[in-house]
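Take a look at this single chain, the form predicted alone, given in structure tokens.
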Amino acid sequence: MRLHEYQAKRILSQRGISTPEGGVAYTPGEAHEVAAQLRGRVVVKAQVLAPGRGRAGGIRVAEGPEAAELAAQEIMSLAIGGLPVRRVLVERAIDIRRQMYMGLALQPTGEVQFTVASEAAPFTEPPRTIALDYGIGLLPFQVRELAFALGLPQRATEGMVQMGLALWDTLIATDALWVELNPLALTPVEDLVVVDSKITLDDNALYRHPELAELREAEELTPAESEARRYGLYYVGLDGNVGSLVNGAGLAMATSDAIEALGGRSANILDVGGGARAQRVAAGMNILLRDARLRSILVAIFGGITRCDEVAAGILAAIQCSGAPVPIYVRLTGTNEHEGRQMLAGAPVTLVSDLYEGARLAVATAEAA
């Protein structure tokens, strides 16, 4: 889960990392109020989870409250990356002597990469990166050595050590996958201040952080994503016309790959997970059956702790509720496979013997529609 800049900065400042003073505004009038409290020159920044805010005109410097209000009005009329701007961050503008980069990124191997650079990203020269053991963490001497390599003065070097350790604490405390300070500003008095920041949290760990899970903005989810979350389903919308319902991430990727390899286009990945009962399967099928983009649906289930008869009951319940507006191909194998296939024998679905056969039929149907 990606956080907005203002959300990330709030987390960072709670751990002692210096960020500019400011506030979030949901209307141009509120931007005026925040700027009036700050006094002097401010920066008005669109808060939207899309790249290219600056190039799209979503970041502007304003000399006073009236200019901040006008800037907010213009920014809130934009759609950046296809997303409407619903809020802006109004911050005190800071004097910047030098822009740098600092970041932590959890790798699939379990290591954490600590990266600093003498410039803001994108880099023109290779940044300096060291690999950290997750169990040991970031040590002061490691940050100090990199700060020396960047040629920072003594005050800024010690500031970078403290900031690096706080950044590590943030990564661990929030179960983040990625924490980035870009740019990190060196001021004329040799202080370090975070100008912009990004935090990406591990969705699988959000159950340990309900206060962070609440930060997800409901308007940023599609109706299908919102409904899937209510039922504990994993849903990713794509731009194709073949829907798929599976159990397990590996089978989800294999099914999507099979559809694409046969010349089709996946419309989604809908994973009901392991051990799904009929109600959960029905909820997932209803999401697909109401999707007007779909021209066919492929159900691919490998029954282990998931019982095929429960899957069949879910499919039947969904069809009874939403009908069968497009051809549905069902591949069931594993636990209670025989019972599940028997239950679907009279239903408006086509039972297939394997994943490849189901994908071939689903793609051919979608192409012919």
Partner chain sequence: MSILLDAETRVLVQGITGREGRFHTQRMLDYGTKVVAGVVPGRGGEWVHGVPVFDSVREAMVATEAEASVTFVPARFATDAIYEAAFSGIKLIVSVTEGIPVHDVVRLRRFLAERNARLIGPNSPGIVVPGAAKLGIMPGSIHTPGPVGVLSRSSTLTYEIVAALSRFRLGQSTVVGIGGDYVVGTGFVELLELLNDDPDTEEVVLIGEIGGMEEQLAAEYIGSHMSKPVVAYIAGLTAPPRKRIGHPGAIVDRSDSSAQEKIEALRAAGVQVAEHPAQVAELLQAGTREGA
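On a predicted model such as this, the values are computed, not experimentally measured, just so you know. Residue numbers count along the first chain shown, from 1.
A second form of this protein, the form predicted together with the partner chain, is not displayed here; the remarks below concern that form.
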Look at the candidate spot formed by 231, 292 and 317 and say whether the partner chain comes within 4.5 Å of a heavy atom in all three of them in the model of the complex.
no
Looking at heavy atoms inside 4.5 Å, which stretch does the partner chain contact in the model of the complex, given the options 148 to 156, 247 to 255, 122 to 130, 92 to 100?
247 to 255
Heavy atom within 4.5 Å of the partner chain in the model of the complex - the one residue of 78, 165, 238, 213 that qualifies
238
I need to confirm a contact call. Of 269, 195, 192, 116, which residue comes within 4.5 Å of the partner chain in the model of the complex, counting heavy atoms only?
269
Can you check whether residue 329 is within 4.5 Å of the partner chain in the model of the complex, heavy atom basis?
no
I'd like to know whether residue 176 contacts the partner chain in the model of the complex, with contact meaning heavy atoms within 4.5 angstroms.
yes
Does the partner chain get within 4.5 angstroms of any non-hydrogen atom of residue 225 in the model of the complex?
yes
Does the partner chain come within 4.5 Å of any heavy atom of residue 141 in the model of the complex?
no
The partner chain in the model of the complex - contacting residues of 96 to 130, heavy atom within 4.5 Å
105, 106, 107, 108, 109, 110
